[in-house]
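Shown here is one chain on its own, the form predicted alone, set out as structure tokens.
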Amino acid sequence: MQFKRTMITFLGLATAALAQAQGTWPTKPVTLVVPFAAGGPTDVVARTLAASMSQSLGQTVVVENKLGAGGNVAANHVAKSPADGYTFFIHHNGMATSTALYRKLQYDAMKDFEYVSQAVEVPMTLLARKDFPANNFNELVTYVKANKEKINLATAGLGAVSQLCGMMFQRALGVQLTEVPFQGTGPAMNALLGGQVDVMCDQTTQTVPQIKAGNVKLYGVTTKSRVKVLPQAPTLHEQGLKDFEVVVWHGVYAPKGTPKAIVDRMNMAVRAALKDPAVVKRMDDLGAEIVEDRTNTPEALQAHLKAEIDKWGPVIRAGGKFAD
């Protein structure tokens, strides 16, 4: 009898959750947690998507910036949040790289989340402050090799894609620069604009306006092919760094146990946003590539995360940069 009552209770709760997801969810604002500072590239993607998703969901999608530990503070917060459909998480490659960068994590990237959707992929750019001596990529290589002890490399912190891009650049040139970590590429970009740091890698979602305004020096993009928003910018690959490729991808997650019906509806909201003409134009302007329909399913995001963990683990371990 006890087992029967337990099963009846469980089925009742499950049915109620399904009904809520299909019928009334959401009944209040939904929070989309961003692990980096406001104004940074992930924040720009999140806020652009949130504005469109608010329309399709009929409730405001509130962006909350929760900084710290390369995205791990936010990831742990979401992993421990109620699985009621009102807390979601958007993160980039750092969701995969943290598993190798940090010896101790309070969450499991593969086990503690429901997968909602991939969203956009963003190229990186290699930049320097406006008054940096090198005027093109060949001059940059020569100058960096001759002055490596004096050059500061800004990053968004341990595990950020800007740091991984910087690691690959240093390895390609056989140098070690002084890394200056910030809590997000927003603050890092401010430091570059202010001349406090010398060089950095950053996403086109943040750098295109500064490049077009002439506020920074651009040396190349990190994709294998040139990007349409910066057609004049050669790739690092074509300039001699063979097979140099770093692309930032963003995924949306929910706490483990979030009802499938809610995850599916949120997936539909992300998909709808990615087809919204205003979102498409904004992403085009910033150089971001909207993912294909076949890759923005929960299953595709889960498979991609696993593949990225397998890809970046050996690179990070070879670099020897770890945190507790």
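A quick note: this is a predicted structure, and the numbers were derived from the prediction, not measured. Quick note: we count residues from 1 along the sequence shown, nothing fancier.
Although not depicted, the form predicted in complex with aspartic acid (ASP) is the subject of the following passage.
- [ ] Check whether V78 has any heavy atom within 4.5 Å of a heavy atom of aspartic acid (ASP) in the model of the complex, and answer yes or no.
- [x] Heavy-atom contact with aspartic acid (ASP) at 4.5 Å: absent for V78.
Open item on the list: How about G85 - does it come within 4.5 Å of aspartic acid (ASP) in the model of the complex, if we only consider non-hydrogen atoms?
Closed with: So G85 does not count as contacting aspartic acid (ASP).
- [ ] Examine T185 and determine whether its closest non-hydrogen atom to aspartic acid (ASP) in the model of the complex is within 4.5 angstroms.
- [x] T185: contacts aspartic acid (ASP) in the model of the complex.
Open item on the list: Contact with aspartic acid (ASP) in the model of the complex for T207, defined as at least one heavy atom pair within 4.5 Å: yes or no?
Closed with: So T207 does not count as contacting aspartic acid (ASP).
Open item on the list: Using a 4.5 Å heavy atom cut-off, which residue among L126, V161, V252, M95 comes into contact with aspartic acid (ASP) in the model of the complex?
Closed with: By the 4.5 Å heavy-atom cutoff, the listed residue in contact is V161.
Open item on the list: Given the stretches 290-298, 258-266, 24-32, 37-45, which is the single one in contact with aspartic acid (ASP) in the model of the complex, using a heavy atom cutoff of 4.5 Å?
Closed with: Looking at the partner contacts, the answer comes out as 37-45.
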